[in-house]
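To begin, one chain is listed below as structure tokens, in the form predicted on its own.
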């Protein structure tokens, strides 16, 4: 376990950590209320690309989570920021419900490819169109490369396998903007005014949440909910700072040991 440090910010994953689709993790709302009473800044960081930020916020409010829109930092936001920096016109291979976060972005005559979780678009015809675009030199921007995620009926393929297929077919490498990229965590922290050494990340994905955060200089707490599978904590080096059964237990640990 890492040495005690001054904690000023807590980053929290959403899907799999606070909720799974329309079901909250037991005790998560009350645990969040207790965490809000502590002298720390909160940010909710997510790779979710199935829905825009506003729809995600409405889902969280329906589950009685006290979360504000400006506290959420998504990989969709990071992807849009990169598109604007590069001044490119993307083919948006994302779920229709996520398109709202790209309003105003020019998409005519695309010269870039953006890929998120888009099950209804992951068919041969659309993937082949994306393949040809990338083969002609369009950069591939992966909103994230998660291998899988948790749904009510079990684990489901994430966008990672489809991004990797395009990388393999075109002999190129995608630019990844979401977790576990170091820049994603640093950008999420920017508005808090805190350094990575003053922050902890709570998530159910050992590689993307915990490994990414620890690579950025934060502490990482792995929770055994959502996509967690037995033995995940042994898949990264260094290992998670601590492993907890769920978000409420992670909050207990923070309040007792890091403040």
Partner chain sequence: MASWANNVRAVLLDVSGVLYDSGGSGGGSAIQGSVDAVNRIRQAGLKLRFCTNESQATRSHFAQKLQRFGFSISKEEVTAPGPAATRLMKEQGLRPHLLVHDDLLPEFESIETSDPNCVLIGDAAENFSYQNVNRAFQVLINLQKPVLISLGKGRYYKETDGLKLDVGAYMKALEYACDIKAEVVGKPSPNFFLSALEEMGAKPEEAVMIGDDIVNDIGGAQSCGIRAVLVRTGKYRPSDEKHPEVTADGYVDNLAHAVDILLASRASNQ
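Numbering follows the first chain given and starts at 1. C-alpha atoms forming the largest set that superposes within 1.5 Å between two forms make up the rigid core. This is a predicted model, so every value here is computed, not measured.
Note that the form predicted together with its partner chain isn't included here; everything after this is about it.
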Position in contact with its partner chain when the complex is considered in the predicted complex, options 89, 100, 147, 86, heavy atoms within 4.5 Å = 147
Interface check vs its partner chain in the predicted complex: of 107, 164, 175, 183, the one with a heavy atom inside 4.5 Å is 164
The stretch from 91 to 99, 115 to 123, 185 to 193, 67 to 75 that lies within 4.5 Å of its partner chain in the predicted complex, judged by heavy atoms, is 115 to 123
According to a 4.5 angstroms non-hydrogen atom cut-off, is residue 81 in contact with its partner chain in the predicted complex?
-> no
Answer yes if any heavy atom of residue 152 is within 4.5 Å of a heavy atom of its partner chain in the predicted complex; otherwise answer no.
-> no
Taking the rigid core as the frame, does residue 183 move its C-alpha by 2 Å or more between this form and the one not shown?
-> no
Once the core is aligned, please say if the CA of residue 129 is shifted by at least 2 angstroms between this form and the one not shown.
-> yes
